[in-house]
Ligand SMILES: Nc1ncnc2c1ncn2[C@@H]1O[C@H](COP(=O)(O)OP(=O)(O)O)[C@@H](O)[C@H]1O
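The chain below stands alone and is given in structure tokens; this is the form predicted alone.
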Amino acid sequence: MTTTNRDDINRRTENRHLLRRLCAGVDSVKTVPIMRLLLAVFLAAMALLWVFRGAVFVTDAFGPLAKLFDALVQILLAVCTVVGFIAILIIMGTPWGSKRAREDLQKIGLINHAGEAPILVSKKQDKNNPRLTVWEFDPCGIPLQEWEDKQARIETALNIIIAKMVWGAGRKIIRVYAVPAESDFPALLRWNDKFLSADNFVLVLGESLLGPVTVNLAHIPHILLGGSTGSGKSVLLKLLLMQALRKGAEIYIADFKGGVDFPKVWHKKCRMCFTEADLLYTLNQLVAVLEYRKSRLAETGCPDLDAYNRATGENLPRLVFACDEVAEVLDRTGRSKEDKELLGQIENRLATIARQGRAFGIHLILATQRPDATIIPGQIRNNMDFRACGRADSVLSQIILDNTSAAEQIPKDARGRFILHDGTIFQGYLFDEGQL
């Protein structure tokens, strides 16, 4: 592409956006009272200047040419009024900092083949979440995928933290939902009972820039948590289990650390498994319940547990199996043949629940800090659609999320900060076990 062609494209783009800003200015005058006031002040000033033009411009001093000079003044005032009126509308329709934003995006290489950077066309507060600012850009032909690939650079260039980026207006606009960089997540978010969701089996994990982060076990039955030591993974697991208990679920916990992670208050309300034999017995019981519920739902023609409870009035509870470090359960390294056979049976039962548990109200919440792809077999992992990872290296992040975003976007010193499989970053609530 020649320089002349690029200049022509740039000129046409500028003209197009001049008209866009003029239209935006008209809209702002319609909707924003102070804009109407400013425009009224300008028109009033020009009207006064028109009335007193003879005194201001002293047209009588030109003698025989006074009438000609007065006519020129009238034309000049009319032109200034029209041009000023249009200029004010354009200024009103131009978002603050648009030129700087375009230059900053150009610096990081977010440009099209004509060398054009995206143009900021609107910048406003989000109606649903006042904390967020919505930046609307004309992408100038740059696809959303490229924006997502350069998200970290865009955040640095614009000094913001991006919550999400989406298409708008028929793929003619890209909306960037963000907060100022200094408005980062708080280091600590304490749980309050008012956060407990009233919706059936919706569990709350924490707060993202877009608001509360939740998971509905009726729709997404199994959860996989990852994170290195001290990332807050165990606290998040307990937060989910506490809410499940309060919603009437029966909780089964595998704890192979001698009860260190789950003190006695949990033992009173949950079924604890401390040995592999005890764990296999518990999983066999859960699979037996699954088969029983499968036959009952088939007899009544109900598609899932909620429909069955409504139809029969039985109120069968949901069952949740949790393990804080699944590597302690499934790792076969250095084990005897008998132990490997036992672990194989445990893995088989977990896989059965992972495949079939949703409709029958039986759920898995598994957590791991071991970056080993062999720990969680594919037949289990592939059925765990809700995944969250805290501070982690690239290997563990890849295992949990299928990408390295946890290693790249979660600060190394963060506790309780997680990223979901869909890229949502949130701060998990800190749950005090004394509240159980």
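Worth saying up front: this structure is predicted, and the values here are computed from it rather than measured. Quick note: we count residues from 1 along the sequence shown, nothing fancier.
Omitted here: the form predicted together with this ligand. The next part is about that form.
Residues with any non-hydrogen atom within 4.5 angstroms of this ligand in the model of the complex fall in just one of 89-97, 222-230, 314-322, 264-272: 222-230.
Among heavy atoms of residue 436, none comes within 4.5 Å of this ligand in the model of the complex.
This ligand in the model of the complex comes within 4.5 Å of a heavy atom belonging to residue 416. Taking the partner from elsewhere, residue 234 is found to have a heavy atom lying within 4.5 Å of this ligand in the model of the complex.
Under a 4.5 angstroms non-hydrogen atom cutoff, this ligand in the model of the complex lacks residue 79 among its neighbouring residues. Out of the listed residues 277, 72, 196, 188, 188 is the one that sits within 4.5 Å of this ligand in the model of the complex by at least one heavy atom. In the model of the complex, this ligand lies within 4.5 angstroms of at least one heavy atom of each of the following residues of 393-431: 415, 416, 427, 428, 429, 430, in sequence order.
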